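Before any questions on binding or motion, here is one chain by itself as structure tokens, the form predicted on its own.
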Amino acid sequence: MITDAEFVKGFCNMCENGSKMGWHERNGGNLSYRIKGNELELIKAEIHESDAWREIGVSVPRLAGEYFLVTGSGKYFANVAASPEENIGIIKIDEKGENYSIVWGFLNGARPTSELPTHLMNHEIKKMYTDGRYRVIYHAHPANLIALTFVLPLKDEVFTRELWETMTECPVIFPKGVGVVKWMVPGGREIALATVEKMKEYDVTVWAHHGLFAAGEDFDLTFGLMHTVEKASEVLVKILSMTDARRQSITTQDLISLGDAFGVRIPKKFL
């Protein structure tokens, strides 16, 4: 069965973990995974190719012929593990990268997340910029990160430096920094394009007053990235609630030393 495939189990496990973290109130958030060729071979007997093509709303020619496992629109992350076929599904992209068809799952008339255009546009850019290594796109609503978008300037340099100074691991786990997108109506072309521009440079992008958008090679790395940014945000929220005059912090020289010690490049614009 498709639900016995390791990548499907990993997908469901990530949905369950995100729900337990409190990042997916009601039907909030979405997840997508670009399926590998060898994984597709293992399940192709249960894949039902379809001529019922639906418009994506954007063009993603570099994803032509690719298959994606995606959460459903209006579906709850908390229900994915218990009823996968009702809450998630596999889609195929057509030869032009303009339409998709449902080839498994999404029972009872369900359809992919309304954020599908944003997911696919960012899959395309990450596939191109990482030589195909990145396969996961994850959007969640972590509360502390959202709270910070009301009090910090909505600038990449400010958010990155503030988060880096909260925990030693941060510059190592996301050394490229954090991108920030101002508030926009979700699900549309505008926010998709704005996020793509940020994800050319970063692996994680803040959506002001909304949530976080992350990309990675696999489920563990992508979830870990989301978790780290939110943990740092929680620490920062506590610091800001206690004082506006910090006695000590991680310094610029400390950040440089971290980069040297762990072999990561710290962009000068954050120093």
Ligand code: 13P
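This is a predicted model, so every value here is computed, not measured. Start at 1 with the first residue shown and count on from there.
Omitted here: the form predicted in complex with 1,3-dihydroxyacetonephosphate (13P). The next part is about that form.
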* Among 129-137, 74-82, 156-164, 176-184, which stretch has residues with heavy atoms no more than 4.5 Å from 1,3-dihydroxyacetonephosphate (13P) in the predicted bound form? -> 74-82
* Would you check whether 1,3-dihydroxyacetonephosphate (13P), in the predicted bound form, lies within 4.5 angstroms of a non-hydrogen atom from each of N27, T113 and H141? => yes
* Counting only non-hydrogen atoms and a 4.5 angstroms cut-off, does H210 reach 1,3-dihydroxyacetonephosphate (13P) in the predicted bound form? -> yes
